[in-house]
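What follows are structure tokens for two forms of the same protein chain, given separately as structure 1 and structure 2.
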Structure 1
Amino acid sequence: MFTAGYAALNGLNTVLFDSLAEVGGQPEFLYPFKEIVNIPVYQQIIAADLIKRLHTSIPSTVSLELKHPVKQVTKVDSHFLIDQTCQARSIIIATGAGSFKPKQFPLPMSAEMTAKVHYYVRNIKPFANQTIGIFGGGDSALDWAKGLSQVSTVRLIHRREHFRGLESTLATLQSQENVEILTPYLPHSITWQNKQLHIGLKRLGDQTIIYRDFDQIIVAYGFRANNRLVGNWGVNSNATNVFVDRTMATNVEGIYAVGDVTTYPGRVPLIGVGFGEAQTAIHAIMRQLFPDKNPNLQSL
């Protein structure tokens, strides 16, 4: 989003593709409730708020192509053809960890049950004043449990005794009366009873099965991400990352890469680093497209 906005600020006609129905990448889908403390200017900012601000700061001249996983990039004369639908002089790959899909809840469910099973939370309101189950043991599960415990009764179910997420968040949850923590349990059966999900939970290591009812559940088993599509576009890459030079250029003239998809010695996978890379790439594109123009960086 920042890259697209910065391109538009430089007067470039810009199209932003995302494979998901919503923009926001990892902060929006993996850790929306996290308090981020390493973004310049903000002492702290909730991940979802950062995404909201980035989204609203995209100029209206940027076209958003959502639910569009870019599959094919071909060079035609001096242009690139993206999935046969869009022509571009330059391309910036910002696919992060790749296009991701949530790991699914492992039990067969009817349509009415499936409607109550979620893989991420973008807005707490539809979950208020209910009993919510959260399955998983990482940061997302703990963050969602913490966020939803402000408005609902929460049951947190994890297959291991120990959680992988932040200990201070776990300690907060353990101190709350409206939070039940169940470990080590795995979902074993699911039925639809009295408009609720009636889920059997099997204790690991013995045959004990307990039952709990939920209005809705959130499955935080993580996401499978893949950047394999990028490998088809002719750029030098390893299994997950694209190699770039100091101007963020790939080996293919006109194709750049920024953010977590890139690799070079010393790169750290942080949001702020990606912002800087975006500016470097856009200025490299400006130099390439308009070699006679001397950009007045200060007036941007």
Structure 2
Amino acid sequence: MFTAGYAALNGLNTVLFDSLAEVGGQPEFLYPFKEIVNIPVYQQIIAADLIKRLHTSIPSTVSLELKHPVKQVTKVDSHFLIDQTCQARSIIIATGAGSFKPKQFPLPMSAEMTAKVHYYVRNIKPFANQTIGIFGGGDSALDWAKGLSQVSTVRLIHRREHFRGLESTLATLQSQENVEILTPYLPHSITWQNKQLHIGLKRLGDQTIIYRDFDQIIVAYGFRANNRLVGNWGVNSNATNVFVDRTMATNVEGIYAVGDVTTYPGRVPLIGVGFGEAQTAIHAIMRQLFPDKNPNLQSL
């Protein structure tokens, strides 16, 4: 969204393709109430609020093509043909980690049970006044536990003693009376009892099994993400990242990449870094398309 807005601000006719029905990507769909603390200007900002601000900053001249995963990019003379529907002189790949599919809860379940198992949390209200289980040990698990603890009783289950998420978030959870942290445990069995999930948790290292009841559970075992599709466009890439130079250009003239989809020596995977990369790519495109024109440096 930032890239599209900055391109339009510099007078480029811009089309933004998104495979989802809404813009926002992972911040909107995976951690909308996470507090982001590494973006300039904001000491902290909720992810959903950041997405809302970015969305409203997109000029009306930008065409949004939603529910449109780009499948084919063909070079024709001096332009690219995108899915046989759009011609473009330049392309910027800003797909982040790419398409993402959650890792599933590892126990067989009935339809009734499956309806109570979630892999995304966009709104905490449907979980209010319930007992919620959260399985996982990364930032998503801790963030969801922190958010849901405002309205629910939370049980956080992780297979290791130590968590991979932010220490300050874990410390907050450890101080709350309505949060139970169970480590190191793995889900062992699941049944449907009294309209609740009755889950057996096996302790790693011995045969101890404890049981807990949940109204609903959230699985935060991570996501299988990939950007393999862009490899079909001729750009040099691995399973998740596209290789770029210091102007954010790929090996294919006219195709650039910015944000977490990129890789180059020393790159730091932060949102703020991606914003700067977007500006670098836009100005590289301006120099390529209009070599006789002085670049008009703009701030969005």
Ligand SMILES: Cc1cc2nc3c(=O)[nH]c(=O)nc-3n(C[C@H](O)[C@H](O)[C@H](O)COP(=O)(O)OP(=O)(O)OC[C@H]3O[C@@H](n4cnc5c(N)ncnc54)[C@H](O)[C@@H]3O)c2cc1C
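Rigid core (definition): largest C-alpha set, two forms, superposition within 1.5 Å. Just so we're on the same page, residue numbers count up from 1 along structure 1's sequence. Because the structure is a prediction, the values reported are computed rather than measured.
- Task: Kindly point out the structure, among the two, that is the form predicted alone.
- Result: Answer 2, the form predicted alone.
- Query: If we fit on the core, is the Cα of residue 89 displaced 2 Å or more between the two structures?
  - Reply: After core superposition, the C-alpha of residue 89 moves less than 2 Å between the two structures.
- Query: Honestly, after the rigid core fit, is residue 77 moving at least 2 Å at Cα between the two structures?
  - Reply: Residue 77: C-alpha displaced by less than 2 Å between the two structures.
- If you line up the core, how far does the Cα of residue 159 move between the two structures, in Å? Reported C-alpha shift between the two structures: 8.7 Å at residue 159.
- Item | C-alpha positional change at residue 174 between the two structures - rigid core reference, Å | Reported C-alpha shift between the two structures: 7.5 Å at residue 174.
- On a rigid core superposition, how far has the CA of residue 122 moved between the two structures, in Å, if you could check? Spelling it out: core superposed, C-alpha of residue 122 shifted, distance 4.0 Å.
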